[in-house]
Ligand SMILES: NC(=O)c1ccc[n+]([C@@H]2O[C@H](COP(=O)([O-])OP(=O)(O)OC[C@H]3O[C@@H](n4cnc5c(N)ncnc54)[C@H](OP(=O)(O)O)[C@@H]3O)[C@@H](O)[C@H]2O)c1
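This document starts with one chain, in the form predicted alone, laid out as structure tokens.
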């Protein structure tokens, strides 16, 4: 299993991202934590210790990514692990078709990942080492009716990560797709009762375990693997009559 000296966590000011930063710092990894909310990043840094370096950054400011990545690389000296965790999921009503919300989800969940992971991939390919982790979701495994754009963003992210894996594996670079189920974070607090919901700390531990193991596509918790294996096989004409 790889030993990481440095890491970048994108989407690090709360929830899973904050938990990832805390666990990596506790393990002695120097972590660059990126997120929009500078005040929350400062809190994370105070609480997680001097292994954490913070950078205020909006992932939808795509043009700023190369310069930000260069700045972080210069500060860290090298980058062993990059985790793209940024994501948004505004509530969408059953009969709501809201392009503004849809656009926000694609802009952050997918295009932000591509804006970041393209230069990261080029860097790691040239370096011939490194690990890229994309935090996708069980939501991307089927097109559920509840939030079409969110499911689309995660399905597309999963495919993008697979393509990066196929490109980079020959150069010694590991690309890991992690698919958490529901996690108790600010993003899910208003969604009511959710199945198999876990705390952010458990999700972060599972993500890092998959990263270190080099898992191709891993579920968190692993109980989602048999569940989603069945759900993926349900014929479309049956699936559209359900609410799973």
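Numbering follows the first chain given and starts at 1. Keep in mind that what you see is a predicted model, and the values were worked out from it rather than measured.
There is another form of the same protein, the form predicted together with the named molecule; it is not shown, and what comes next is about it.
Student: For residue 135, is any heavy atom within 4.5 Å of the named molecule in the model of the complex, or not?
Tutor: Within the cut-off, so yes.
Student: So in the model of the complex, does residue 187 come within 4.5 Å of the named molecule, heavy atom to heavy atom?
Tutor: Answer yes; at least one heavy atom of residue 187 falls within 4.5 Å of the named molecule in the model of the complex.
Student: Does the named molecule get within 4.5 angstroms of any non-hydrogen atom of residue 86 in the model of the complex?
Tutor: Contact check for residue 86: yes, within 4.5 Å of the named molecule in the model of the complex.
Student: Just to confirm, residue 30 within 4.5 Å of the named molecule in the model of the complex by heavy atoms?
Tutor: No, residue 30 is distant from the partner.
Student: Among 71-79, 161-169, 90-98, 135-143, which stretch has residues with heavy atoms no more than 4.5 Å from the named molecule in the model of the complex?
Tutor: Partner-contacting stretch among the options: 135-143.
Student: Just give me the single entry in 208, 35, 176, 52 that has a non-hydrogen atom within 4.5 angstroms of the named molecule in the model of the complex.
Tutor: Checked against the cut-off, the match is 35.
Student: Sequence order please: the residues of 108-134 with a heavy atom within 4.5 Å of the named molecule in the model of the complex.
Tutor: Heavy-atom contacts within 4.5 Å come from 108 alone.
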